[in-house]
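First, one chain by itself in structure tokens, the form predicted on its own.
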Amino acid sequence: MIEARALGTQAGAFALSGVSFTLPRGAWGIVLGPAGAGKTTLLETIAGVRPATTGQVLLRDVDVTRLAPEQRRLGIVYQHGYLFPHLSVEANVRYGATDRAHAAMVSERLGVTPLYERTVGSLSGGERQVVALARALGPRPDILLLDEPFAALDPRRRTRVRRELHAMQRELGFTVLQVTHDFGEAGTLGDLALLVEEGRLVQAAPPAQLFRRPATAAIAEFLGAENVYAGTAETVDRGGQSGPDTVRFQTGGLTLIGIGTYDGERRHAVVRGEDVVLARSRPGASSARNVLDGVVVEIAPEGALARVTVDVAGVPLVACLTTASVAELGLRQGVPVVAMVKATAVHLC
């Protein structure tokens, strides 16, 4: 278990402050945030590399705030995969390992064994990262801190190494706290996502909740929500004990109906692109409360997907579709379409 209680530290002019969260034993935590938010600083403070100036760090229910890094019994892997340059890859992996068979198993599964005879200087950036991962896992740590450990790997190797590391984490039961800029990794690996901004923890939630129910419009935009609107809202039907309230949100000429409890304070609506369904004509029946007429103004392909921007009463609404769906619907600039959004997909913040 990793627990931070009002944790803070100073790194030059930068301050990390008031960070509190609990990551249960055997869970995988993800730390997200813009560059310079304090993600690496948070990992270093938990590891003891950087001393805490306020608050506490608890590992395994024990206060380790004043303990030296080597006394905290955890592994840490930095983005650049720091290795001992005077040792071979094999010697690096075995450094600190108490069980050679375990170190060999880790190396085999991460694809490090074929690199054993190589020198550190001959490794690519991606190879250095997987060797650093294998070395960190050699001593069987029950807590592992990772700072963008897959950033330098090519897509094929990244997928394989990530899959194997996740499988070993589940099998061996160690706890992981990982910094990443990859939102896909957050959704695939994470049990808990921590969003850090300007040295503060601004939201902590399971990844699905974080992405679908961001606490603020700024968080929604950072997490890549395609449609974030400022506007006004009002409750049109109080659900009471029978269910949630029905809320009408207005921005320009666009009106959206949402479901939830409205406290009168929230002034933004968020709709993710994958929750927008497009059709060439109005359906005979639909479960969507929002059925909106519009015109396609832009189609931006992104690999197998495409972002289709629709003008709805002068307001852009972006839908995420497969390129196959775009072709099947015959979408192109200027084509009239109907956009459908369920009320449950309209999030007020």
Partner chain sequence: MNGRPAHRLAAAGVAVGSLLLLGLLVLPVSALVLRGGAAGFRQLGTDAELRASLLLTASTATLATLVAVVLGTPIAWLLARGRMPAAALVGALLDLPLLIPHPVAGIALLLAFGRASPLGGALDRAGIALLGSPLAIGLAMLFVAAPLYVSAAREAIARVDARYESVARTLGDSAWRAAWRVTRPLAGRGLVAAAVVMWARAASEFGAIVILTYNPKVASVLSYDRFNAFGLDAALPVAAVLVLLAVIPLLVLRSLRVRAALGEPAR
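Positions refer to the first chain, counted from 1. Computed from a predicted model, the values in this text were never measured in an experiment.
Although it is not shown, the form predicted together with its partner chain is what the next lines describe.
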Which one of Tyr78, Phe222, Phe183, Tyr229 is close to its partner chain in the predicted complex, taking close to mean a heavy atom within 4.5 Å?
Tyr78
Of the options Arg213, Arg128, Arg272, Arg162, which one has a non-hydrogen atom that comes within 4.5 Å of its partner chain in the predicted complex?
Arg128
Any idea which of 246-254, 80-88, 192-200, 101-109 reaches within 4.5 Å of its partner chain in the predicted complex, heavy atoms considered?
80-88
Even though the partner isn't displayed, in the predicted complex is Asp61 close enough to its partner chain, meaning a heavy atom within 4.5 Å?
no
Non-hydrogen atom contact Tyr116 with its partner chain in the predicted complex at 4.5 angstroms
no
Would Ala35 sit within 4.5 Å of its partner chain in the predicted complex, counting heavy atoms only?
no
Does its partner chain come within 4.5 Å of any heavy atom of Ala304 in the predicted complex?
no
May I ask you to list the residues of 125-142 that have any heavy atom within 4.5 angstroms of its partner chain in the predicted complex, in sequence order?
Arg128, Arg135, Ala136, Pro139
